[in-house]
Each structure stands twice: as structure tokens, then as C-alpha cells.
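We begin with a single chain expressed as C-alpha cells, specifically the form predicted alone.
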């Protein structure tokens, strides 16, 4: 399997175990495949069993190794179950990618308690619980990468994204706190904040029309992103090339914030 490279430098993650949430489709599936292409063994979770099967097949077709368990990350009990199963299977996780997320497009006056709590449970509490499960081993080994997938909606207000923006903004500060607390143990914790990436969820939230065209017009490159472009950023942050980068929020936004 050909390893990904950056400026002629091959990025190799052989011997590493990566854990990716929301890996059944879209950004998560692209991340899992990219890490596997670099040589990591990839443990995956999502709610969609069929989607995880598809991601596993793609990884195996590329010559990689994948393992998965289904879990609803809104459930603390299911998070505990999948993390314990992962540690039984592999003994450790070297690279944690908290990618799973959801949104309920609602204006501030329409936000309901169920939507608010579910959004924060999946987008903010789940990454915390997964870090609590896997980071003690990283501390013991004095090595580890934590990569949280956030959003441009966590860096600036976006209409109809009240609970989503709140969860992602909080994730930025949580990530920076991780960077401060785990830095002495040689663990790097960073966020990636994409703009609209063309996934199934994005197509539901941003269907063709004036609203999506106005959003695209705010992006300097004039287009929405691709899941593979987020996966490339994850690969960089998962690799030794980023060993002196921690506590950062990396925008993968085509120049959205440059305007």
C-alpha cells in the first residue's frame, strides 16, 4: 500500500492504533481510510453497522486493517462498552480522533431541551469520556495524539446553529485544556475546524438554493470542502510532523475566515 506523503516526506503510522468515531461515512470514513493507508490499525465506531462494514471493506481493499463496534455516543454506557472492547482488543490507543457530531438546525428561540442535551452529549461530552478512557495509557507511554473535529461554527456565530455552535466552541477550550494538562506527558491535543464539507449531513443542512450559495460565496476558494481534505489534515496532526503543535484550532475552510 502506497503511504501518503507531504512534500516528499512519507507519513508512516505503522505500529499505531487509531480510534475514530463517526467512521461509517463522510469525514469519519475518509479519516479512517487515510490513517489506515499510512499504516495505522484503525478501530472505529458509529451507530450505522452497514456504514462501518463499508468503511472496513474500503480499508481492507487498500491493504489496511480495521476493527469496529457500533455505539451511540449519546450514551455513556455505550461509550464505556466500546472503549473497554477496544482496549481488550488492542491494549492501547495511540491516536484518538473525535469526529462524530450532529446538529439540529434551529433558531435560538426554537431550541428544545432534547436537542440541546443530545447535541452537547455527542459533540462535547463524548470526546471528554473517550479522552478519559484512552489518555491514561498515552500518559503511561508518554506519547499520544488527540484530534477533535470541530467546525467553523465554533469560531463564529451561524444562524440556526445555536446548540451546535455552543458545543463546538466549548470543544475548542476543552481541547486547549487537554493540551495544557497533557503537554508534560508528550501528548498533543488539537482541533480541526472545517467549513461546509460535502457529506450526507451537509447536503441535508445546506441543500442547493440561495442559502447554500451565500455560504459558498463566503469561502475564498469558491467551493465547499471534501472529506479527504479534512482527512489529510488529520493525518498531519496524527503524525510526528506535528509533534510541536498542540492546543491549536486548525481551520480547513478554503479561506472562509480570511474574508
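Bear in mind the structure is a predicted one, so any value in this text is a computation, not a measurement. Positions refer to the first chain, counted from 1.
The same protein also has a form predicted in complex with a small molecule, omitted here; what follows describes it.
In the predicted complex, residue 72 approaches the small molecule with a heavy atom inside 4.5 Å. Contact check for residue 196: a non-hydrogen atom falls within 4.5 Å of the small molecule in the predicted complex. Put simply, residue 16 is far from the small molecule in the predicted complex: not one heavy atom of it is within 4.5 Å. The small molecule is not drawn, but in the predicted complex it has a heavy atom within 4.5 Å of residue 201.
Contact with the small molecule, judged by heavy atoms within 4.5 Å in the predicted complex, is confined among 101-109, 85-93, 180-188, 135-143 to 101-109. Note on contacts: among 223, 47, 218, 53, the single residue with a heavy atom within 4.5 Å of the small molecule in the predicted complex is 47.
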